[in-house]
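Single chain ahead, written as structure tokens, the form predicted on its own.
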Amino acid sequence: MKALQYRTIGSAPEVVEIDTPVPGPGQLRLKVTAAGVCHSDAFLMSLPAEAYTFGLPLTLGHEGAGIIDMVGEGVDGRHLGVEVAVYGPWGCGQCYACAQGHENYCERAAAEGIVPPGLGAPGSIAEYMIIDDLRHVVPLDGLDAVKTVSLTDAGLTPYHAIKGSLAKLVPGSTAVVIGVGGLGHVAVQLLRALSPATVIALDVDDAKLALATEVGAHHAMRSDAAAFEAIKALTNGLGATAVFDFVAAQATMDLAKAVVRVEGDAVLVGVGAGVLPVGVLAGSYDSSIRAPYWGTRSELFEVLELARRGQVHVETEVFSLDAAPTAYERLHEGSLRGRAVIVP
């Protein structure tokens, strides 16, 4: 089968021919119908050899959807032919966190060598992929895989981040979204669907600011030196109730912390490498800094239900598997509108 693999440290991913996998006991195989491209992939491919821990060659893709076409021993065959979305942050299924569906915070994954598809295990940018357990797929139930697949990360991750601050996003509150790319433009929609908060979107790209307005932001402005005063003015000097930073570079983290109001949240979702001081005098009183990771299994059901109701969608650009390296080039140069989706 064809697959997109990262094969050499520092090199671009390549489309290669590899053996078609066969599911083992307890596993299932998907004939992939759609796979998403993410900045996390670009991040891991940017790591130097001494920091890279994901194994080579690595079939990329941690956003996946497909049709169950083969099952291993012990898996009920009645699921054959069902089109599903893949829940990516795999856990052990046995610990306290997993028992709650919080496999993104599995207590034993690291010790047991359990890794997500595309981030250690073979991923979805291929003609077929192996799923380790039936609990790690969710039926699409009529949703279009190409339009929906990115919600498994680009929807689930901001949904999880927003839910952690939802109790504070009451009438009169303000939420700021920094970075209106693949995840950020979904975050704007989720904030509008889940809360009465005024939504302010920040980016350095005018096209992405236009997209933010299209999908529901009340205000959209450039993320520059003037943003601090603009947000203060829009909030009567109080600052934002919650800031969701989908970049997490030093400049955006500094801005997030500066504009968060008393008892507000700075939520760091991006994979940037900034640092922030903490302490009583380091920011607004009783404000918090959170760094959530991905989302829970039950939250994926909730995100897909929002899509089914038409309350959230992902702007997508579609690429063939052969053109997958071009999708990563576009991701690197920042010219994608929303999310790239690979269709084998």
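Counting begins at 1, following the sequence as shown. These figures come from a predicted structure and were not determined experimentally.
From this point on, the text means the form predicted in complex with a small molecule, which you will not see here.
Asker: Could you check which residue among Gly182, Gly123, Gly91, Gly264 gets a heavy atom within 4.5 Å of the small molecule in the model of the complex?
Answerer: By the 4.5 Å criterion, the partner-contacting residue is Gly182.
Asker: Would you kindly say which of Val82, Leu238, Val271, Ala193 lies with a heavy atom within 4.5 Å of the small molecule in the model of the complex?
Answerer: The residue in contact is Val271.
Asker: Thr252 near the small molecule in the model of the complex, any heavy atom under 4.5 Å?
Answerer: Within the cut-off, so yes.
Asker: Do Tyr285 and the small molecule come within 4.5 Å of each other in the model of the complex, heavy atoms counted?
Answerer: Judged by the heavy-atom cut-off of 4.5 Å, Tyr285 is well away from the small molecule in the model of the complex.
Asker: Heavy atoms within 4.5 Å of the small molecule in the model of the complex: does Ser165 have any?
Answerer: No, no contact at 4.5 Å.
Asker: With the partner left out of view, is Val15 within 4.5 angstroms of the small molecule in the model of the complex by any non-hydrogen atom?
Answerer: No, no contact at 4.5 Å.
Asker: Please pick out the stretch from 141 to 149, 172 to 180, 74 to 82, 91 to 99 that is in contact with the small molecule in the model of the complex, where contact means heavy atoms within 4.5 Å.
Answerer: Checking each option against the 4.5 Å cut-off leaves 172 to 180.
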